[in-house]
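The chain that follows stands alone, in the form predicted alone, written as structure tokens.
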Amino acid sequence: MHIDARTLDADTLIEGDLCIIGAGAAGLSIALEWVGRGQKVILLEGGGFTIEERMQALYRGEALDRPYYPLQATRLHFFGGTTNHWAGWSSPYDPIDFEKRDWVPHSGWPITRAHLDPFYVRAQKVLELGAHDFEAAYWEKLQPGRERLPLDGKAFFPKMWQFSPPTRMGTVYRDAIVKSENVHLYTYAKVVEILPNENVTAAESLRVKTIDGKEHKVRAKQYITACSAIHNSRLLLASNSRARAGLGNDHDLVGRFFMEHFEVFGAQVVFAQPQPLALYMHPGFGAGRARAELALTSETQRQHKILNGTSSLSIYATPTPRKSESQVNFPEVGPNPTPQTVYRLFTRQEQAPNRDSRIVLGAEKDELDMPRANLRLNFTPNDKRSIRVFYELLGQEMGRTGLGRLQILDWLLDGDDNAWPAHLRGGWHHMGTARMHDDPKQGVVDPNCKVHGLANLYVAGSDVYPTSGAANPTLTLVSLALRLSDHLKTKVLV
């Protein structure tokens, strides 16, 4: 069922059993799980069904410490959320990503990779991926002629990515939501505040505003905020009428530990003989499509005390501007390119958790009188050191096998691990701002994604990640959303 909140009388009271704030990847993944059930589900989307400049402007904010993409461009404010422009790259996090690592302060999840494995299988279907098999051997057998490089498997392994079509969830799943009798979708219903009870032990209601100035109230038994890592934090921090520092922020953690993925060229390799590298080339999108990237084993990461990262290989091509980013776009190459001798190496690496990397509320307010979210993006010396060590180890392995030689780019060899190049970019992957931890003094949500201290408020999205891993976050994000949905079904809303 669909209702445009702008058509309701002002001060309408909307009531239900479960309320989901945000109809992006996390929110829609959960809502779909409740279609046809006995509970009334309220799904609130701040925008409409298409992108609108006025709605995107509500997401405007500033990057305060270093250059970054325009914040209003990094997340889309309409039904389907940022799946409306995601690139479809999908891979699970590695077991080491969930572990406590003594060389990575604030690392360690309160769940393991094994806890997520069954949900990864289900998430594959949501994102229209192929078989849940991310072992290189499976893809080598499936597609003869696409073989891994003969590197030492104790140090490097081919980490596989699969490619969604990519799934535009707002298009693919629109009918299922709109035609549902028990899921009530409200568009143009922007939540500007979560109101707790007097003792601030539970969420009591939501203040909702429409772009044309109306205000409504929403009440439910359970609430999930699924607005992205920036805007979940923004909403929690702005909900300060009874909790002065914001909801879930008794220990000054909401918005902290913002993480991105470093995405930057770090080296080039010159092979002794031309290499097609078909397994490592982008094969296009859709189920049954996959590619490998070079990755360090967990044992090697432990030995050298570095962060998790991967490197992709690409041929040199003429760059073309990207429309919405201050980047360049290098044309994708099919699975059987002409063998080359020289390839560029592109880093994708996790950012170490850092309290000083955070989302803060600005003094400026948006059109709905909500404080804007600003970004303070800060790094640690081990972030850069890890990229350099990765390529040093890869160079050693290339020499040992006689495959070729590797040239590390000058910016990694400048002797200053606090200096970063102007061309440094991220993956538009926002994580960590409502981190998961058993201890409320170290995390915003518990292992079930419930906000510490609030009995009925949950967070869905990549902001609950304690560490960012090296894989794109969407597959894990959907898996965690499905896990949260199951928890609510079996433990709360039975």
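Being a predicted model, the structure only gives us computed values, none of them experimental. Throughout, we count residues from 1 along the sequence that is shown.
This next part talks about the form predicted together with a small molecule, which is not shown.
Trainee: Are any of the heavy atoms in H85 no more than 4.5 Å from a heavy atom of the small molecule in the predicted complex?
Mentor: H85 belongs to the contact set for the small molecule.
Trainee: Taking the small molecule as it sits in the predicted complex, is F156 near enough to touch it, meaning that at least one heavy atom pair lies within 4.5 angstroms?
Mentor: F156 lies outside the contact set for the small molecule.
Trainee: Please determine whether V126 contacts the small molecule in the predicted complex, using a 4.5 Å cut-off between heavy atoms.
Mentor: Result no; V126 lies far from the small molecule in the predicted complex.
Trainee: Closest heavy atom of L18 to the small molecule in the predicted complex, within 4.5 Å or not?
Mentor: Taking the distances in the predicted complex, the answer for L18 is no, it never comes within 4.5 Å of the small molecule.
Trainee: Among N249, R358 and A434, does every residue place a heavy atom within 4.5 Å of the small molecule in the predicted complex?
Mentor: Judged in the predicted complex, none of N249, R358 and A434 sits within 4.5 Å of the small molecule.
Trainee: Between the options L185, A226, L307, I194, which residue brings a heavy atom to within 4.5 Å of the small molecule in the predicted complex?
Mentor: Contact with the small molecule in the predicted complex is made by A226 alone.
Trainee: Only one of 403 to 411, 88 to 96, 173 to 181, 276 to 284 gets a heavy atom within 4.5 Å of the small molecule in the predicted complex; which is it?
Mentor: Contact criterion met by 88 to 96 only.
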